[in-house]
Structures are given as structure tokens and as C-alpha cells.
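In the block that follows, a single chain appears as C-alpha cells, in the form predicted on its own.
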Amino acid sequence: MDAPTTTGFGAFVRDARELVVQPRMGFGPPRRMRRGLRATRDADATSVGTLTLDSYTRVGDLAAARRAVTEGTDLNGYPLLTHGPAATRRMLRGIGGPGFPVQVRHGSAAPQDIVRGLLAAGLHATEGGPVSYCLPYSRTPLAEAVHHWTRACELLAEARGPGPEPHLESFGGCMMGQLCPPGLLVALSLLEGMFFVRHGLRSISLSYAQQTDPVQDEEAVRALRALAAELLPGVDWHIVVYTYMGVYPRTPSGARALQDRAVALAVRAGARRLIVKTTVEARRIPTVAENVAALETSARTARALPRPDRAAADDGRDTQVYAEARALVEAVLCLGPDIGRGLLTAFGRGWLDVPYCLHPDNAGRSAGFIDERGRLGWSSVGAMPIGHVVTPRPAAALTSSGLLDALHYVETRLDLGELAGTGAHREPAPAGS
């Protein structure tokens, strides 16, 4: 493997001296998108830009995107393919560059045209994956998504030249947002990362979404780092933590407490980048000013935290999360060197099985629950080959009301102030047991 890249999205994050923070941001009009990116760049934080695409572009309905742009209809993101590469280059001029890389985020199971469009616009970083942008978001058969993402990876790799190194982030650690035990999230993120490398990428990031328990989350991020170090030698990789992706606290104090916990998780566990949320997530789409305020608050919080002991941050192997993730990854790797084919076989056999995911190619025999300590556990593992490291608790299977309680677990407790700190406080009462 070649030496680590010196330019591009991955290199910027790797070389940053503090936690890199990133907003969730996308606007339809180029001028408004430019204002949002400029404000992100100028925030008192080490930040990277986000260009989130609209839902029409995500599903390939370019006629609807064109109609919306022509009629001046507000979109929920930036219509990259409709505006075209020239307009996007103008929008980015003087903003995007080595000191402020911009990542395209989209949600597509078939991203080849999006990848071609972002490369034509002079961009080199995006995210997703054959599993993580298929099972939760579409009815696209998994085999088709693997095919589409194979070509997308190849397009990115083929764009390698004297400029920025192409970068691809796995969304695998964010499957379904919540109620998926971390061992499976870590495994999916690793497997997608290995899929990217198998198809030519040399700069990648691996994701993990904050869940219900701070201690378990730290175990997960450290397990992800440990497995990446073992399985991705010579690859330029980093870990990105997502602030909680589930039902969000409605009170400003609850939302701030949850964001503080996400910052503490990223810093303590050695992640390099954090996807930030605002205090208004539960009520509406945040403004640019609210996004900037969240970035700056998160950066200040991170700067105030002590840097963890490197050896402690690297110690992620002696945990339940690591054991589960390792078993799942090894099961897929034993199916052969083609990671894409391995993923298809594993899902077909139920060796990978995402709780509460209704996609036809997901077995749907696994289930998670929140235990009396606030940790995510398995009430059923289905056919997943983790029975030797997991003791499922069938009696904890969620009823319909228990599922609703579990979905609102974090929101309810943070809004009530029961988890207001950033430490490892645990709740005495299980959700839905």
C-alpha cells in the first residue's frame, strides 16, 4: 500500500490538531448553499463542509428536481446534478479547498451518477455504502446496491491524480439510527470499509452513531479502532462519531446534554471527526446560525476535555462489543475474498441481520433491547454466528409499547435531566422489559 495521502478530506482530518466538527447541511439555491459553507468554514472550530443532496437526486428523479428548481420550490438539499458542475464550481469558488474540504452526502443506493457529478464539480469526498444506503433507505435489492456501489468506488478510485485523494466514508455504523446493538454496527462499518478498499479506495472513514449508554459507546468506538488497525493496514482511515440519530430531546438543555455526551465520546475514545446536531433537531431544520453555534459549542467543549491516554484509547479488544464485531467480520471474511459477494451471502443466510429493518433482503430474526443498565443487548440473534459470545435474553423481547418506550429512551431521560452529564451515569429502569 502506498504512503498516506497528503491532501484531501482524509488527510485534513488526520492532520487536524483537534476534533474536527461537521454539520448536517444542504440547501437548494447555490447562493444559500454557499452562505452555509462559508459560515461553516469561518466558525471558531476546525470544521469541514457538508453538501447534502436533495431527496429527488438521491432516488434519481432528476425530472422532479429540475421542476423544483425551475419553479423555485424549496428543496431539502442541494440538487447537484440539476445545477451541474459549472454552477457548483462557482458556488464553491474561494471556499472549498485544502483548508476546508467539502463532503457530499446523499443517501443513494445507486450513486454512480452522483459520484460522476461531484467529481466533475471538483469534489472528492462522499459517504454511504452498499448495505448502509440500501437496507434502511430503499427497496433496492441488496445485490443491485452492491453492484452500484462497486462501480461508485471504482469511479472514485479512477479519479485519483495529483490533486486531493478521493475519500469515502462508511455509513455502516449508523444503521437504523438506534436499537441496533453496537457489535453489529461496528462490524458493518468495518465490512463496508473493507469493501471500499477492495475496490480501490485508499482514504476512508468508519462511522459509529452514539447510542444509549456512554460506556458501551466508548467500547464500540475503541473496538472499531482496534479492528480497523488490524484489518486495514496501510490504509488512511479515521473514525467519525455521529451525534445520536434517534428520537432527539425536545428541550434545549436535553439537546445540549446529548451533544456534550457525543463530544466527550469522540474525544475519550479517539475519534477524529464528529457529526454535530443542534438544539432544534426535534422541532425543525436548523438555520445556518444554529448550525454554526452547535459547531462552536462542540469545539469549545472538546478543547476543554483532557486528551485521553493513547494506550487507553487504543485498548478496544477486551470488550463484549469487540467480541461480537470480530465474530461477525470473521464470518463474512470466511466466505471468500470478494467482500461484496460475502455481504450478499451473509445477509442471505441471516449471518448479518439488522434489528427492526424491514428490507426484503434482511432476515428480520434478530432483535435488540435496552437493558437495566441502559446498554443495548440482544433479545434474539437469529442465525448470526455470535452465539458463542452472546447470551440473548428472549424474555426481554419488546412489545409494541415497549418498542415505543425504547425509541424514546434517550429523549425522555435527557429532557427530564436524568442523564444531563457527559459521564457514564446509567439508568436503573430498563426500557420495554
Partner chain sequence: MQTTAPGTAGPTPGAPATGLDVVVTGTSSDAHTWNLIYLELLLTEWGHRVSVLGACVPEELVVTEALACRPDLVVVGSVNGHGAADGLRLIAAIRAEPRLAALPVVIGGKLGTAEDTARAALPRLRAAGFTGVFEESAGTAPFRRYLDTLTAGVCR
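Numbering follows the first chain given and starts at 1. For clarity, every value in this text was computed on a predicted model and none was experimentally measured.
Keep in mind the form predicted in complex with the partner chain is missing from the figure; the text below concerns it.
A.B. asks: Decide yes or no: are 176, 284 and 399 jointly within 4.5 Å of the partner chain in the predicted complex, with each residue judged by its heavy atoms?
C.D. replies: Yes, all three are in contact.
A.B. asks: Pick from 43, 69, 48, 407: which residue has any heavy atom within 4.5 angstroms of the partner chain in the predicted complex?
C.D. replies: It is 407.
A.B. asks: Have a look at 264, 363, 75, 95 for me and say which one sits with a heavy atom within 4.5 Å of the partner chain in the predicted complex.
C.D. replies: If I apply the 4.5 Å criterion carefully, the residue I get is 75.
A.B. asks: Can you tell me which of 339-347, 132-140, 185-193, 322-330 lies within 4.5 Å of the partner chain in the predicted complex, counting heavy atoms only?
C.D. replies: Among the listed stretches, the partner-contacting one is 132-140.
A.B. asks: My question is simply whether residue 39 lines the interface with the partner chain in the predicted complex - judged by any non-hydrogen atom within 4.5 Å.
C.D. replies: Answer no; every heavy atom of residue 39 is more than 4.5 Å from the partner chain in the predicted complex.
A.B. asks: Just to confirm, residue 100 within 4.5 Å of the partner chain in the predicted complex by heavy atoms?
C.D. replies: No, residue 100 stays farther than 4.5 Å from the partner chain in the predicted complex.
A.B. asks: Verify the contact flag for residue 55: yes if a non-hydrogen atom of it lies within 4.5 Å of a non-hydrogen atom of the partner chain in the predicted complex, no if not.
C.D. replies: Residue 55: contacts the partner chain in the predicted complex.
A.B. asks: Any chance residue 304 has a heavy atom within 4.5 Å of the partner chain in the predicted complex?
C.D. replies: No, residue 304 is distant from the partner.
A.B. asks: Just give me the residues of 187-210, first to last, that have a heavy atom within 4.5 Å of the partner chain in the predicted complex.
C.D. replies: Residues within 4.5 Å: none.
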